[in-house]
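Only one chain is given next, in structure tokens, and it is the form predicted alone.
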């Protein structure tokens, strides 16, 4: 049986993804070093802030691209609790029994219901909260000084959630047709069934 191929990720999708991924990784590394107070903190803060602005502009590019080209449909259309539960069952049981994934990506719907829910939370809650708290830490108004410890803790807590998401994302990307199929798709745009 011939493998089906679908062009899922356009070059703007892939460009955004890799800029975002590498910048978030750099933010995590510099942020944890800064948090634990080692190294050249002035240089680390410079790179951390620069990467934060790259993520902010990259996020705005993603948001405009989602809205202008209607790609928000991948995140919201046709998702149900039943689909989310089926996907959870597949990832926790079915995949280990050799069962077929209940979701098949197409150009019209490239995210399974669980991915869509996770990415909605990531892109519309965690990333904005991280960006806002990051901006406040960068240039906190003098009248907000008393809130600085809380802002810093929220920023660091969300950083942990983002790193946990990244680890899960890297693992789940290995659960495609082959271990590297989804990574290849994010480089070429083409996914195989």
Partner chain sequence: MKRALWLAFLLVPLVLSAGENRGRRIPAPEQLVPLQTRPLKKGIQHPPIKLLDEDGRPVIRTGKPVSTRKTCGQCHDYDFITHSFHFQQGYDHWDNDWGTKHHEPGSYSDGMFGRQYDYPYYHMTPTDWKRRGVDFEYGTPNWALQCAICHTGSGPLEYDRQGRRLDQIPESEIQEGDPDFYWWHRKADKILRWDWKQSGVREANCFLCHTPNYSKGIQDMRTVGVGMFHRPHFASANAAGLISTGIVKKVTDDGRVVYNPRAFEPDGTVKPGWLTISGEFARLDACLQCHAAPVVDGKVKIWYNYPVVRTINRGILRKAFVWSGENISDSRENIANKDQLNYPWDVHARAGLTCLDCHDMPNRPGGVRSTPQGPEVQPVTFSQFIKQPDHNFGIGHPITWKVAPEHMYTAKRCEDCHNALEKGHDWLPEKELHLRKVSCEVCHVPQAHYWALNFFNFALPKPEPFSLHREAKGACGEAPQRYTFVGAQGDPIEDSTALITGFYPLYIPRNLKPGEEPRIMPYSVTFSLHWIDARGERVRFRRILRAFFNRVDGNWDPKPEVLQVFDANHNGWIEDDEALFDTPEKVALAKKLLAAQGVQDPKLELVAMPFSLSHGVVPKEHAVRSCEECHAPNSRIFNQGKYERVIVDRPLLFEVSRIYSEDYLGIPIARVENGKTVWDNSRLLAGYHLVGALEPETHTYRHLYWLDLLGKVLVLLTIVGILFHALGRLLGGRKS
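Positions refer to the first chain, counted from 1. Note that the coordinates shown come from a computational prediction; the quantities given were computed from them, not determined experimentally.
Missing here is the form predicted in complex with its partner chain; even so, the following discussion is about that form.
Student: Against its partner chain in the model of the complex, would residue 15 count as a contact residue? Criterion: heavy atoms within 4.5 Å.
Tutor: Flag for residue 15 set to no.
Student: Using 4.5 Å between non-hydrogen atoms, is residue 90 touching its partner chain in the model of the complex?
Tutor: Because a heavy atom of residue 90 falls inside 4.5 Å of its partner chain in the model of the complex, the answer is yes.
Student: Closest heavy atom of residue 25 to its partner chain in the model of the complex, within 4.5 Å or not?
Tutor: No, residue 25 sits far enough from its partner chain in the model of the complex that none of its heavy atoms falls within 4.5 Å.
Student: Should residue 175 be classed as touching its partner chain in the model of the complex when contacts are defined as heavy atoms within 4.5 Å?
Tutor: The answer is yes: residue 175 has a heavy atom within 4.5 Å of its partner chain.
Student: Going by heavy atom distances of 4.5 angstroms or less, which of 124, 69, 53, 157 would be at the interface with its partner chain in the model of the complex?
Tutor: Partner contact (heavy atom, 4.5 Å) among the options: 157.
Student: Would you mind picking the one in 63, 129, 152, 29 that has a heavy atom within 4.5 Å of its partner chain in the model of the complex?
Tutor: Among 63, 129, 152, 29, a heavy atom within 4.5 Å of its partner chain in the model of the complex occurs only for 152.
Student: Is it the case in the model of the complex that 39, 42 and 138 each bring at least one heavy atom within 4.5 Å of its partner chain?
Tutor: Affirmative, all three are within 4.5 Å.
Student: With its partner chain taken in the model of the complex, which residues across 90 to 107 come within 4.5 angstroms through any non-hydrogen atom?
Tutor: Stretch hits, in order: 90, 91, 95, 96, 99.
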